[in-house]
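Just the one chain here, laid out as C-alpha cells, in the form predicted on its own.
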Amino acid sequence: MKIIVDNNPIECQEGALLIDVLLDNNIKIPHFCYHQDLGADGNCRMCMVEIKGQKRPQVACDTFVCEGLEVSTNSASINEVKRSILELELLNHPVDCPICDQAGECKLQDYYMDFGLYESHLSTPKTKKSKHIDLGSNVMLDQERCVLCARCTRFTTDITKTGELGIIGRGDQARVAIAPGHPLNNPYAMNVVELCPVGALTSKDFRFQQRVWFLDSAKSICHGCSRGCNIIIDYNETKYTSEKIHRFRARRNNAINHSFLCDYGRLSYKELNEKIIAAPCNMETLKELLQAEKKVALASPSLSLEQLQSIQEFCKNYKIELFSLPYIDESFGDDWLKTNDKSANFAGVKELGISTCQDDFNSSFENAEIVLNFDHALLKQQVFKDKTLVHFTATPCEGEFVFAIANFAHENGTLINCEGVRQEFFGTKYKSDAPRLRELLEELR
C-alpha cells in the first residue's frame, strides 16, 4: 500500500507503525523514547506529525498506517510543537555540550540545532540533580542531562529482565536511579549507554577518551563467540601515534543481534590494541624448518574463511597435517546472544573440511617435530622442549619463532555463525603494522 509523506508517495506494509515507516525510508523524525528494538513508550512526544483529517497533531510511534494516509512531518505548525517540547526538555538541562562525552552523538543537541530554540523562558533557577553517579558495570549517570525517555529502564525491565534501573521522584525531581545496594549488574549492562539518546549515561571505558568527530568507523563482526553479532569499530590514527581502536558499538541486524551486544564482546576491542613483539625469524629460516618430515598445524577457529583457505593450501603444499579445535566454555553462554562456543568461525572450519578431532590432533602433535600455530590460544603461552613451535599470532605470544599478523580489525573476510548465517566484515582504512596472514603465506609458498 501507499501513503503520502510530505507530498511524496511511500510504499509500506498495511498496519505498520508510522514511525518505523519514516525511519526505514530515511525520513527524519525526531524521537527520544521510541527505539525499534524496545517499542513505543509515548512519553517524549517529539515524534509529533500532522495527519490530514485529524484535528490535532499525533505521535508517529502510536499511529498505524492505512491506505491513503497523508502525513506532514515538517510544517511550520508541527515544528512549533517540537520547539515547545524541546523547551520543556531544556528547562533544567545544564546545556554543557562542550564538556559532555555525548557531544556529536546527542539527539537533544541535534534537535536543538534543527529546530532552533536559543532563548529560555524560564524565570526560576534550574533544578539541579546529581552528576557522575557510578551505576556499576562500567556505566556512569549524569542525572541532570536525562530526558526521562525510559529507554534504559525498559531495557533492564523488558530485555534483560534484571530490573536494576527505575525512575524515582515526581515532577522536576524525577530521575533515573538504582535501588541502594543493587548496582547495575548483568552481562549486557553497557547497552544502556548506546540506548541513551543524550549524555546522561556514558561508558567509564570510553568516557573522556576521544571526541567522536575524530573517529573513523568500520563495519565488522564481533569475534567473541559464534553468534557473530554485528559491530561498528570506532578508531583513529593521530599524527604522532599509530591506529588505536577506542570502542565497539552494536550494529543493527534483526537476524542476529538486533541493536544489542554483550559487555564481553563490547570490551574485547582492547586486545586488538596490544602490541606484538615478534621474535627474530626470517623467511629462509622458516622454509628450512618446514623441510622436517613430521609437521602439524593448528588453526584458530576464529579466523575468516579466506584465511583458513589460505592455510589449507599452504599446509597441502608443505604436506602438513592441519587441525582446528573450538573454544568451548560451558560457563559463558546464555539464552540470548552469548554461546558456549567462543569460536567466531567454527562453522566455517567444518565447511572447509578441516579436521576437528581432539584425539587425532593430540596423536599428531605428540609425534611432530615442527608445530605451526595459526593464532590458536591453546598453544600460545606453552613451551615444549622437544618441539619447535612457530607462531603466526595477532596477540602477544611467547616463543622462539613468532610472526606477527594483522588482527581482524585490519582484515576483510567472511564468517559463518552458529546458525549457518554467512556474514562479511571489513577492516579499518589504515594499514596494520603487521602483515596480513594471507600475504605472509603467499610469500612463503
Partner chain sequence: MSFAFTQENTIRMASLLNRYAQKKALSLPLLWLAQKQEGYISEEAMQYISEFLELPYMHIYGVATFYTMFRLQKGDKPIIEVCRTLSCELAGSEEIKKYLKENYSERYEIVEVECMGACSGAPMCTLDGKYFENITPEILDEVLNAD
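Numbering follows the first chain given and starts at 1. All of these numbers come straight from a predicted model, not from anything done at the bench.
Not on display, but discussed next: the form predicted in complex with the partner chain.
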**Fill in**
Answer among 332 to 340, 164 to 172, 346 to 354, 298 to 306 for heavy atoms within 4.5 Å of the partner chain in the model of the complex: the stretch 164 to 172
**Message:** Can you work out whether Val198 and the partner chain are in contact in the model of the complex, taking contact to mean some heavy atom pair no more than 4.5 Å apart?
**Reply:** no
**Prompt:** Might Leu108 be said to contact the partner chain in the model of the complex, defining contact as any heavy atom within 4.5 Å?
**Reply:** no
**Asked** Any of the heavy atoms of Lys319 lying within 4.5 Å of the partner chain in the model of the complex?
**Response** no
**Message:** Test of understanding: in the model of the complex, would Ala179 fall inside 4.5 Å of the partner chain by heavy atoms?
**Reply:** yes
